[in-house]
Every structure is written in C-alpha cells, then in structure tokens.
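One chain is shown next in structure tokens, namely the form predicted on its own.
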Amino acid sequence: MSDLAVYGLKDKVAIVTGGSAGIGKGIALEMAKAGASVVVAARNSERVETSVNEIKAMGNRALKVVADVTKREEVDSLIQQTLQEFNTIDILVNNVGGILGVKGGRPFLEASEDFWDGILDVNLKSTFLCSKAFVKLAIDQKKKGCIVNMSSLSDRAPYVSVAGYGVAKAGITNLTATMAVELGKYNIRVNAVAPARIETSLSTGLYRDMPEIRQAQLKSIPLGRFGTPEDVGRVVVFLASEAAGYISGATIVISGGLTHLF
C-alpha cells in the first residue's frame, strides 16, 4: 500500500446511519470520495434515495436502507441487507442522533420520562445496537473492523434545557473507550468525533428567528466560522482509514478551537 493510499477507503464497505442529511450526509459523501462503497441508513426514504443517488453519481457503489436503528430487528435487517449487497462490512459510522432542537428543549424539572427516553434511545441505544451487531459480524468473519461514533462537545459541557442529550453523548464517549478496550483483541478499533457548532440546514432553520444567539456563538469560535458536514466527514474518513490504524478509544473534538475556552 502506497503512503497516500493508507488515507483512503478503497475497497471498503461502510455503513453510515443517519446518512441522509446534515452531518451524516457529509460523512457519507466524504467516505464515497475516499473510495468506499457506502450504505446509507435512515428513516426518511426520499432523503436516503437522494444521498445514494449522489454517491452513485460519483461512480461509487451505494445502498439505500430505510431503517429505525433504535429497534434491534431493523438493525439486524440493515446488516443482512448490506451483506446481501456487498458480502462484508468494514466500517460502521454511528451517526444517528440529535435533539428536538433549541425550541424543543425542556428544563430539567419539566422534562418528561418520554422526552428523556427518546433522546437516550436515538443517540445512545442506537449506537449500542448497531455496534453490537457489527462487532458480532466482524468476529464471525474473523476480520478487523472500525467503528466511529458520533459524540458531541456537549459530552463535557452543560447543555441547558436538553440534559438528556449531554448525558447521551457523554455515554457515547465513555462507551467508545470501553469498547476500544474490550474489542482490541479482535482487532476492532473504536473512536468517536465530538463536533461543536456545525452548519446544517436543520441548525440554520433552528436559529433563523434567533440571529443574536447565532452571532454570539459565531463570536465564541476562535477560527471565526461554523464547521461544515464536510469538516466532520473528513475526520471520520481519517479515523476509518489505515492511517489511523493505531488510534482506538479516542474522541476527536471538532470545534474550531472552542473547547479551549472552557
């Protein structure tokens, strides 16, 4: 393998959950640019189709899977559909997650049990279910594997009115390290990325009526700009590549320097 080839994903098969929009779509597209065949899994059939078509337009192989990865049976189906198409899986990106949005937050004392459970399910439970299915397959196939989880800067900083989100992301950061320790003997690497403020159509919409909050956030970032889905995608590609072959258990912060102001 040439020096530059270790940074690519040629001949690799990657699953990206939540790969139909926002950060997830950015990851899926960057993985395709790096040479991977990409399985885009999400609940919105139309948006999954759009992402898959964009990847195919690059000349890469791609597979559409409509799935709710908070449900074990749908995770199992995702794995089986991927195997039917590609025979193997090398990389899992657990990107599914999120919150109800700035306007959908709940102060701690007002948060319902359903609100709490919903946030933990979509962020933390989905990561657990998908990782377990992927790891079982990798061990059965006796091949090395790579998992990249989606944490957040809120794993270490207070996230007011959405306590469950910070708790879930802190859980993902801890789970990442725990899996790395337990799975190293199987040659399975597990890492995470922790983005801060990333510009997506969803986040733009959330702040459209609150420009003062958006401007205050922008001023707090040392690099002077919000991140992009491509910024996150390129870090994920690196972590999934052979260039990161001795990195496991790490959580890479993608914040434009914001972390160091805490």
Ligand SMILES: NC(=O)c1ccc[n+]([C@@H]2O[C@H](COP(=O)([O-])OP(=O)(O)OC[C@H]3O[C@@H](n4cnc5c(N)ncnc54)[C@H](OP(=O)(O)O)[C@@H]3O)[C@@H](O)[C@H]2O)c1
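This one's a predicted model, so the numbers in the text were calculated from it and none came from an experiment. From 1 onward, residues are counted along the sequence shown.
Unshown form predicted together with the ligand; subsequent notes refer to it.
The closest non-hydrogen atom of I55 lies beyond 4.5 Å of the ligand in the predicted bound form.
Although the partner is absent here, V237 is not a contact residue: none of its heavy atoms lies within 4.5 angstroms of the ligand in the predicted bound form. Although the partner is absent here, V253 is not a contact residue: none of its heavy atoms lies within 4.5 angstroms of the ligand in the predicted bound form. Contact annotation: E49 falls outside 4.5 Å of the ligand in the predicted bound form, judged by heavy atom distances. The putative spot formed by V96, T200 and S203 is fully lined by the ligand in the predicted bound form; each residue has a non-hydrogen atom within 4.5 angstroms of it. Only one segment in the set 108-116, 177-185, 150-158, 132-140 has any non-hydrogen atom within 4.5 angstroms of the ligand in the predicted bound form, and it is 150-158. Applying a 4.5 Å heavy atom cutoff to the ligand in the predicted bound form picks out A67, D68, V69, T70 from 54-93, in order along the sequence.
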